[in-house]
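Given next, in structure tokens, is a single chain: the form predicted on its own.
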């Protein structure tokens, strides 16, 4: 949209850019085309734009794909956007408060936006959480923030946001934009950054909650050495520093993202096993083999049970919080069955000599790091969806937070029941078959 066209449109709407909303409208058409080209949109791609304004980026995005969602806060622009882009979904609301969980039912999507400077960080963290359907994010930010996001260890721009987002996302600083391409012209320069998921294995796997805790403690007072700052969560700093190759006198900004990952994975018993190299011991784990009546007929290794499709036992646990939300886990990429699919809060096989209830309690402890009472829901007969397992379905109540072992779980999130219903109906392929069976059984039992 040219400057003259933008000014004319604002005049027709009897509106002007609002400082309180951080509005700076892009009016360079060639630059808008270039920005959208960095998303590599195809006709089948789904995308979401934050703060479309008068549509400077929306128009070139629409020319490439009609599967778009717009989030606009400004009341004055809603009718205009609905009229100009009738085929797009329009959300009248604040992107800072937007519930990203509502997007999972639409599948993977690309996110873009010219973000208001004063809420850029909040929006970034909202859309780059561990559990997100976003596959790439392309944002125009204040140059100073963009430089912080793309900074390397040791520099003054390198801080907690760099490290927190950098564990999951690779940040590229693509281009700096002059103030003159915006109306009104901001007092600072802007930059375009692109965030893409880090390739598997690029950084050491670690528990996200512990990583976030350590990073926030470490950067809470930049001038202090990490030994003092990390003491509440990591009293063995000297041993940990040696293990990750850092001087004991290190400060937060001197540790690379890789070292922060190693630090989060370190334990006093030694370095954590790398899940990429420590594949599950399929021969060492022993299960009870059962007949059609769920009577034990013998034992076999995990490998034999799966290879020969022998009947065996398992449990699934649905963990609910006080708000009635259900915690779902995304299975680790290293799982031998259904990697990177969404599954029950916790699940696992019944080991030889265990019963269902014992296993449910154990799985909560091993997969989520919590102790909770379990309540039996129903026993599910062996079928293709359960992998020929008898499944004991249980529920439990807990508020979290959870400790998610990276060898087992990629990430996890609370979802409302309505969100899960919509997601399952729209994209059953995102879920492990065992969960879908348990979900169906639980819903019928609940009714």
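Being a predicted model, the structure only gives us computed values, none of them experimental. Residue numbers count along the first chain shown, from 1.
In what follows, reference is made to the form predicted in complex with a small molecule, a form of this protein that is not presented.
Residue in contact with the small molecule in the predicted complex (any heavy atom within 4.5 Å), chosen from 77, 252, 111, 319: 77.
Though the small molecule is absent from this view, in the predicted complex it lies within 4.5 Å of a heavy atom of just one residue from 94, 304, 258, 358, which is 94. Contact check at 4.5 Å (heavy atoms) against the small molecule in the predicted complex: none of 382, 391 and 445 pass. Heavy atoms within 4.5 Å of the small molecule in the predicted complex belong, among the stretches 45-53, 61-69, 374-382, 405-413, to residues of 45-53. Remark: residue 218 does not count among the residues lining the small molecule in the predicted complex, judged by a heavy atom distance of 4.5 Å or less. Although the partner is absent from this view, residue 25 contacts the small molecule in the predicted complex, with a non-hydrogen atom inside 4.5 angstroms. Under a 4.5 angstroms non-hydrogen atom cutoff, the small molecule in the predicted complex has residue 73 among its neighbouring residues. Shown alone here, residue 21 lies within 4.5 Å of the small molecule in the predicted complex, counting heavy atoms only.
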